[in-house]
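Only one chain is included here, represented as structure tokens and corresponding to the form predicted alone.
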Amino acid sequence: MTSEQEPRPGSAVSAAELAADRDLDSFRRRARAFIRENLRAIEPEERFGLMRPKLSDEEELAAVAREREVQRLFYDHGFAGLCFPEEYHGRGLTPAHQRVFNEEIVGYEYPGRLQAPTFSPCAAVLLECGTEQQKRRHLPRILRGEEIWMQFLSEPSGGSDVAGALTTAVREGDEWVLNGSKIWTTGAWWSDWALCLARTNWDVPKHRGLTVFILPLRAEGVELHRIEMLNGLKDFCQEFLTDVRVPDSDRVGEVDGGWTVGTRWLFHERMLHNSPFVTMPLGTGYSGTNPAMLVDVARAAGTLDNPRSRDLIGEARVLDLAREALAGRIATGIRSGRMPDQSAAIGRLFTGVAATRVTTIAFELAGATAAAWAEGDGTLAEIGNDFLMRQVSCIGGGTTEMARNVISERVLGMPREAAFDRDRPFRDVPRGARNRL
């Protein structure tokens, strides 16, 4: 199907309805009616829990397929890509419209697996840094749920130092040949495309020799391995790239200019829940531990009337309110130019620390059942595992330690952290024997 033949967003509704969407109240009424008529109401516990192995592979694939369908419903009814430009099949509306939709979708199914990293950071990076051809090829398909994207950043040897990438890209005519490995890619086994950061120059300092590429995950030479966690979860993947050929037309940004793209990439990753490109029910953001569910936890534990329990529930609620207020302030400040883009790290830091605390509060409320539970313990089951996994909230999406560095150096203007590899050709930076060139 050519771009001229592709369905336009909102094809299932009238032009008059789409035009009326400019008014927020009209948009809210139409969004509310659409959600209640087309989407399944979910029970709060369906999305409660941190990285729990709830689904079989078959059930996971079915859930992904359903979320693609929901995303297509959004598109057909004019609710996909609310803040994406119209020329790429978005609606060209405002962040206020996205917030309204996020408010109205609370309590209903939504395509959560498609939001991060497909919409933010990947689609946001393409929109900001991609070529016109790349944007017209991929953004409409993303908005229709036809393409799910991953980010190939982390490497087995790199930790949080994504600029220290060892995956190589060597140019051969109009193609690049990629070799290396990426890791901790959640959901890569059911996804379609990736943004991949690779090293194209070893003779300059590490930040100056990187390039970003668009990579199809089913390309020849891409091998995906699923990583089984201690609790049985197998969402994380490691990818091995062996002589993977990528056309130069799928390069994003300038050769050796990948860190310029990468800076915006990390900005959009930190923005996530504050991003105008993401559809996510308001209040989501505690990595599965929803503060509203804490009342049910205390009730199930028989401690709801305990003053200490009420204090803990109140603490979690205050953290939730503070997070929402902070998110709004940061988003408004960045859009207006009163705050630097790097201020997104403030929201990332608060969200990670607050998520860890709220998960701990759930553990404290659950009492002895948090340490030993039976299958029939309902809301209380698995809270102990959530507690053991709580630091994931401070690691995934960029560590809170990195966020602290960004805040201190780039927001507050404090002296930069000492680095032994600064202004040194990356080829000459000492590494382990296995990684030495």
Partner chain sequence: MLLELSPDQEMLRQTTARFLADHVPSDVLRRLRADDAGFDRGYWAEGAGLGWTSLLVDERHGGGSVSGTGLVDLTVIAHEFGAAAAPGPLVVTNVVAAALSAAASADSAAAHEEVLAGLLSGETIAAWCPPPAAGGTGEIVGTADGDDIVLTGVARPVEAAGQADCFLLTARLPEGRTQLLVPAGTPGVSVEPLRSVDLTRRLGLVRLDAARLPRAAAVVGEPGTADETDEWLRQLALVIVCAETTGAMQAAFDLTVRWAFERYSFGRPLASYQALKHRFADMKSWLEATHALADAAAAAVAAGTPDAAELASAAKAFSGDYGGELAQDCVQMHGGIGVTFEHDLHLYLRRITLDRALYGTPADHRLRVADAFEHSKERA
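Just so we're clear, the structure is a prediction, and the values are computed from it rather than from any experiment. C-alpha atoms forming the largest set that superposes within 1.5 Å between two forms make up the rigid core. Residue numbers count along the first chain shown, from 1.
There is another form of the same protein, the form predicted together with the partner chain; it is not shown, and what comes next is about it.
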Name the stretch, out of 106-114, 297-305, 137-145, 192-200, where some heavy atom lies within 4.5 Å of the partner chain in the model of the complex.
297-305
Any chance all of Leu55, Gln98 and Ser181 sit within 4.5 Å of the partner chain in the model of the complex, going by non-hydrogen atoms?
no
Here the chain is shown alone; which of Asp161, Asp256, Glu128, Asp76 has a heavy atom within 4.5 Å of the partner chain in the model of the complex?
Asp161
Answer with one of Glu86, Glu223, Glu228, Asp248: the residue that has a non-hydrogen atom within 4.5 Å of the partner chain in the model of the complex.
Glu228
Is Ala16 one of the residues lying within 4.5 Å of the partner chain in the model of the complex, judged by heavy atom distances?
no
Examine Asp423 and determine whether its closest non-hydrogen atom to the partner chain in the model of the complex is within 4.5 angstroms.
no
Taking heavy atoms only, is Phe277 within 4.5 angstroms of the partner chain in the model of the complex?
no
Can you tell me if Asp311 lies within 4.5 angstroms of the partner chain in the model of the complex, counting non-hydrogen atoms only?
yes
From first to last in sequence, which residues of 314-334 have any non-hydrogen atom within 4.5 angstroms of the partner chain in the model of the complex?
Gly314, Glu315, Arg317, Val318, Leu319, Leu321, Ala322, Ala325, Leu326, Arg329, Thr332, Gly333
Is the shift of Ala331 between this form and the one not shown large enough to count as movement, that is, does its C-alpha move by 2 Å or more after the core is superposed?
yes
Classify Thr263 as shifted (yes) or not shifted (no) between this form and the one not shown, where shifted means its C-alpha moves by 2 Å or more with the rigid core superposed.
no
After superposing the rigid core, is the C-alpha displacement of Thr303 2 Å or more between this form and the one not shown?
yes
